[in-house]
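Single chain ahead, written as structure tokens, the form predicted on its own.
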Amino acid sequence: MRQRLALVLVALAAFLAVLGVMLRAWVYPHVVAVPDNQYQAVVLEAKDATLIDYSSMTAVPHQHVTIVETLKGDAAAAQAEKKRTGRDVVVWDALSYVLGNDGKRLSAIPEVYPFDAHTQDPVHCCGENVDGDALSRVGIEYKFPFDTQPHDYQYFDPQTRTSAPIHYKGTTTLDGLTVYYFEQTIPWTRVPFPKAMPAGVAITPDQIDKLGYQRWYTTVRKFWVDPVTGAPINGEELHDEQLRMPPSSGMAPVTIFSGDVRIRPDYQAATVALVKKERTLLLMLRDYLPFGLPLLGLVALALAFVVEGRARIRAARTPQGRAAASVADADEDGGAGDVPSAQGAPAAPL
């Protein structure tokens, strides 16, 4: 019975070791993915911003601006792409819109952002666009990859429709989590006017272009990213936009929007709580189980040796065990002693 238990323990040790390796090498990279039907919203605000008044073409300071970003997974488009290519894809219908002091919409920029559900690499399908303009993204947007590494990434900027490096600046602690800090600077760049102009403004983007006005933009983008999930738990943008007049007008640029945009505290707290929950599940698959199961296997193997050793000791203490041991000893001693005894005996008398 004890020998059977030892064999079971050896088999269990082998199973736990193999299971641990499989969880890390195969299950984790294939199972961990962004859900294709995910919906999330985040609210940001700039408490002392400057906004343009289009009726007078002047900049008005001390404005409270709210920016709402929503990400809605288009599960039908994702499943259609998977059926076509076999690839796990997420298609986010993203919308970023700005509200002024009075709650009226100032601008809105929609996006269709398809990407690989496992790696976060952009996928060019499903009507990929920004504000209706078709394009092919390079780099990440909104979320960093699972297992974010402490190095630079290419990050897509929806205003310029281009990608630029977002630089890893160091590791810090935020809300009890060890996070990576990334920063990206977009220099002054001419960008298109949003197709959805502020409510109550009769002028259209095409009319603005024909008048020779230009929209210029710069920002410093900051993210504090949980490296396990790749989710930013905090973000900030030092955002500036200008309306630049035709050179012949002799007029100085007018600020369209200028402000320090931050995640609203209640949404940051909710994001941190969600990330802490998700990172625990990911760490179970990535670290805790892959390393813990082989350790349990070593314990099971040690127990197998203990059980087998005790079984042999008990067997040696029983009468049958002692008799078997005596026979074994006699066989060993007798085979070795008979030869010299026969050779050394005196000859029989004649």
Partner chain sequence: MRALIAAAVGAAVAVVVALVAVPLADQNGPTTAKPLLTSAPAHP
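Because the structure is predicted, anything quoted here is derived from the model rather than measured. Numbering follows the first chain given and starts at 1. Definition used throughout: the rigid core is the maximal C-alpha set that superposes within 1.5 Å between two forms.
The form predicted together with the partner chain is left out here; the points below concern that form.
Scanning 300, 307, 34, 289 against the partner chain in the model of the complex with a 4.5 Å heavy atom cut-off leaves one residue, 34. Only one of 158, 227, 73, 114 lies close to the partner chain in the model of the complex, with a heavy atom inside 4.5 Å, and it is 158.
For residue 281, a non-hydrogen atom is located within 4.5 Å of the partner chain in the model of the complex, even though that partner is not displayed. Remark: residue 274 counts among the residues lining the partner chain in the model of the complex, judged by a heavy atom distance of 4.5 Å or less. By the criterion of a heavy atom within 4.5 Å, residue 27 is counted among the residues contacting the partner chain in the model of the complex. Interface membership of residue 137, defined by any non-hydrogen atom within 4.5 Å of the partner chain in the model of the complex, is ruled out. Of the candidate stretches 199-207, 168-176, 246-254, 86-94, only 86-94 has residues with heavy atoms within 4.5 Å of the partner chain in the model of the complex. Contacts between stretch 119-137 and the partner chain, counted in the model of the complex as any heavy atom lying within 4.5 Å, involve no residue at all.
In the core-superposed comparison between this form and the one not shown, residue 30 has its Cα shifted by less than 2 Å. In the core-superposed comparison between this form and the one not shown, the C-alpha atom of residue 312 has shifted by at least 2 angstroms.
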